[in-house]
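One chain is shown next in C-alpha cells, namely the form predicted on its own.
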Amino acid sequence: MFELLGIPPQALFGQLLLGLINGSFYAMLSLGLAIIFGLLNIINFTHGAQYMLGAFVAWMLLNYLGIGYWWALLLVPIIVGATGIIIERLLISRLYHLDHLYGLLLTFGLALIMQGLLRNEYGISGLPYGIPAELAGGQNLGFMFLPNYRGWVVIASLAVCLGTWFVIEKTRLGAYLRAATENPTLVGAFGINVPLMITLTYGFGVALAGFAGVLAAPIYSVNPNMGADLIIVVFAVVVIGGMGSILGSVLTGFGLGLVEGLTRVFYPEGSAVVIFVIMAIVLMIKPAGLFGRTA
C-alpha cells in the first residue's frame, strides 16, 4: 500500500522507529514534569537542563573516572536527583505559597545558569559518548534494520514509565503522595513527614530526567543545548496529555513521537510544528488536556 503512495516501507518504518525513540524521551521527560507539577504544583523549567546534566554527568563519569554506561544508568539518576533535592530545599521550597509564575521564573533562570556554566567549560560542539559493546549492532527484521541500542531505549523507557505510573497510582506510597498534595495537614497528622516526601518527590522527578539523559547520550551528541529545544516540545506534550496526569504524559509522549515520525514521511515540512498544532486543537476542544481533570 505504501509503495503505491511512493513511500518505501523501509523509509516508513525507519521514521516510525525514530518517532518512537523521540517519543520515549518525550514520555520520560513529560512524566517527570507531570509528577513535579501534579504533586508539587511547580512548573519545573529546569527539567531540560537536568536532562542535559544527566548526559554530561555520564560523560564525565566515563572520561574522568572510567565508569561506563551500565553503572552510569544507576549512578547518574542518584547524582542528578541529589542536585534536584538541594535545589528544592534551598530555593523552590520558599515559593510554594506564591503564584506558579515565581517557580517558573526561578527554574527558568536555573536552567540558563546550568547551560551557561557547561557551555563556558565545554563549548557547544557535541561530545561523543559511545554505545556500550553489549548493545552494538542490530537486528535485520526483514522490513527494516533495528539497531540494538535504539530498541533498548524504547524498552527501558517503557519499563521506567509504567513502573512509575504503577507506584504512584496503585500503591500505598502513591496514595500518600496524592493525599499530601490535597491535604498536607491531615497527612502530617498521621505521622508522615510531608516536607521530606515533597523533597524526595521532586528529587525523583529530576532523577527521571537524569536517567533520560544517560539514555540519550549515545544517540545524540552531549552538548549544553541538548535540552533547551526539547523542553519546549515536552511542555507541549504535558499540556496535551493533561497537566499533572501521569498516564496522560506517558501515552501522549509515545503517541506524539509516532505522529511526528509519520509526519516526516508524508509532510516533512510540518514535522517541526505538528505537536504544537495538535496542542492548539486539543486546548480548543478540551482545555484540561486529553487525560486532565477539569477543576
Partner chain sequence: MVSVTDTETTSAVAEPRIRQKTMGMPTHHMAIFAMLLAAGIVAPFMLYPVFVMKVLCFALFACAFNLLLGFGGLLSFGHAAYFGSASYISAHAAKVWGLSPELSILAGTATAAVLGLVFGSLAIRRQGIYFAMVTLAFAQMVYFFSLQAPFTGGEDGIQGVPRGNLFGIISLQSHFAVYWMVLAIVFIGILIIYRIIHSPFGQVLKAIRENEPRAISLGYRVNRYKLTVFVLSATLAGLAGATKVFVFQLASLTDVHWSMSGEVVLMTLLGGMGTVFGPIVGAAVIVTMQNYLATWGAWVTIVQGIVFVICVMLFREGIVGVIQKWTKKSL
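Only a predicted model underlies this, so the values are computations on that prediction, with no experimental measurement involved. Residue numbers count along the first chain shown, from 1.
Another form, the form predicted in complex with its partner chain, is not on view; read the next lines as being about it.
Student: Contact check in the predicted bound form: N41, L106 and V238 versus its partner chain, with a cutoff of 4.5 Å between any heavy atoms. Do all three pass?
Tutor: Yes, the whole candidate spot contacts its partner chain.
Student: Among the candidate stretches 112-120, 205-213, 76-84, 192-200, which one is within 4.5 Å of its partner chain in the predicted bound form when only heavy atoms are counted?
Tutor: Stretch 112-120 is the one.
Student: Please determine whether G242 contacts its partner chain in the predicted bound form, using a 4.5 Å cut-off between heavy atoms.
Tutor: G242: contacts its partner chain in the predicted bound form.
Student: Would F45 count as a contact of its partner chain in the predicted bound form, using a 4.5 angstroms cut-off between non-hydrogen atoms?
Tutor: Answer yes; at least one heavy atom of F45 falls within 4.5 Å of its partner chain in the predicted bound form.
Student: Though only this chain appears here, would R94 touch its partner chain in the predicted bound form if you measure heavy atom gaps against 4.5 Å?
Tutor: Judged by the heavy-atom cut-off of 4.5 Å, R94 is in contact with its partner chain in the predicted bound form.
Student: Within a 4.5 Å heavy atom cut-off, is M279 in contact with its partner chain in the predicted bound form?
Tutor: Output for M279 is yes: heavy atoms within 4.5 Å of its partner chain.
Student: Could you list the residues in 252-275 that come within 4.5 Å of its partner chain in the predicted bound form, counting only heavy atoms and keeping sequence order?
Tutor: Heavy-atom contacts within 4.5 Å come from E269, A272, V273.
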